[in-house]
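There is one chain below, alone, in structure tokens, taken in the form predicted on its own.
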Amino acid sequence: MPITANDKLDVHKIRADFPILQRRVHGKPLVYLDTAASAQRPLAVIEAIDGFYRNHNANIHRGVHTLSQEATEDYEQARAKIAGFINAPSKLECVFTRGTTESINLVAHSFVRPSLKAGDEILISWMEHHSNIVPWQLLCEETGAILKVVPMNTRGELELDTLAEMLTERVKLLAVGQISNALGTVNPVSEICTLAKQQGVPVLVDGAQATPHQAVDVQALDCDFYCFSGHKMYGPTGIGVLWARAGHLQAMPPYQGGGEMIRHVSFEKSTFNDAPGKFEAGTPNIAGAVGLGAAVDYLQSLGMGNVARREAELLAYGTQKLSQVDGFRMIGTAAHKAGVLSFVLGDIHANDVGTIVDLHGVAIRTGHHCAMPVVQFFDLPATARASLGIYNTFEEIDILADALEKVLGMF
């Protein structure tokens, strides 16, 4: 039976769902603390993809034979599951993409670019992932628009008063991450959307780090666009979703041209499909969509409230435990955080820390985490980052702490 929202998660049963957690690295049990980069996959997702290729593999939508109809049903059922997961008003507002990056680029080129002109402004925050920086930089370079950055404080929290002042009639879009992958900061997206809407500014939310860890309700957030990736939320790589308001999708021109996204083609003119089809050119990642649907089923069987509570307990324990290690300094101390522990260890380079703890079977991320401005803000060359998922345990945090002690013993 599925675990209800009032039950506690049995982490040992959860870990048994993830085959890769049974392996050893350098002779030690794998301690995987890199979920913010890419989560591991439960057996349910692996089996869903395998089952699709074994039993239903065919191209979708236009085929009249049985396999095509089955594949189409699987693909569209996955879309419906995803719509329910984020409380979208309609599954037709959910566009399959290759991931958050493509979703943001789609909005940049199809929603913002057609009307953007010199002197217009796009707002982003200081803590954005590169995928929510570079597309806007390229757009501004092409058009003469101006990219402006909402500042953050030394705790890694956005300065909302400054944001409110920056929301002027020149701003054509505000793009902001719901949770920082580099700091773990949980931004008050609903409040941010309210501020933007008061000035008539549409909002894009990068939800890549939110969908695996907490319940998401795009209607409650009142954003215009919401982007996320399958591989962050225990699903396959190469699949993601753009949710957008129906009115926006109707008005937006196609992002790419080709098969599937058309109604009629002649050498003189082509007419395009309705959304979401007009944004899904070519043969899509059908198995990826099926796998993502299975990941949604898996998370919902656990209960997102349970997931959030469990990870909050892990974060609190990790913060307390790692802070006892000599030289440990947390980077990102916002009042509201998700399960990300970015840190430096004395004057030891983060890459050395990561290399040495790997010898003890511990997988953490080191570097700038595709968020160079964040690391530069703290005047650091890099940080080490332990990021938590539903399969992690308090014992694994203890193993990380012991491994960090061994790093110290080598310098």
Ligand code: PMP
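Numbers for residues come from their place in the sequence shown, where the first is 1. Since the model is a prediction, treat every value here as computed from it, not as a measurement.
Beyond the structure shown, there is the form predicted together with the ligand, which is absent from this document and is the topic of what follows.
In the model of the complex, the ligand sits within 4.5 Å of a heavy atom belonging to Ser229.
Proximity of His129 to the ligand in the model of the complex falls within the 4.5 Å heavy atom cutoff.
Residue contact with the ligand in the model of the complex: Leu292 places no heavy atom within 4.5 Å of it. Proximity of Asn187 to the ligand in the model of the complex falls outside the 4.5 Å heavy atom cutoff. With the partner omitted here, the residue from Ala208, Val241, Ala78, Leu183 that has a non-hydrogen atom within 4.5 angstroms of the ligand in the model of the complex is Ala208. Think of it this way: in the model of the complex, the ligand has a heavy atom of just one of Thr333, Asn285, Thr72, Thr101 within 4.5 Å, and the residue is Thr101.
Contact with the ligand in the model of the complex, judged as any non-hydrogen atom within 4.5 angstroms, is confined among 314-322, 92-100, 267-275, 114-122 to 92-100. In this stretch, 309-328, not one residue has a heavy atom within 4.5 Å of the ligand in the model of the complex; the partner itself is omitted from this view.
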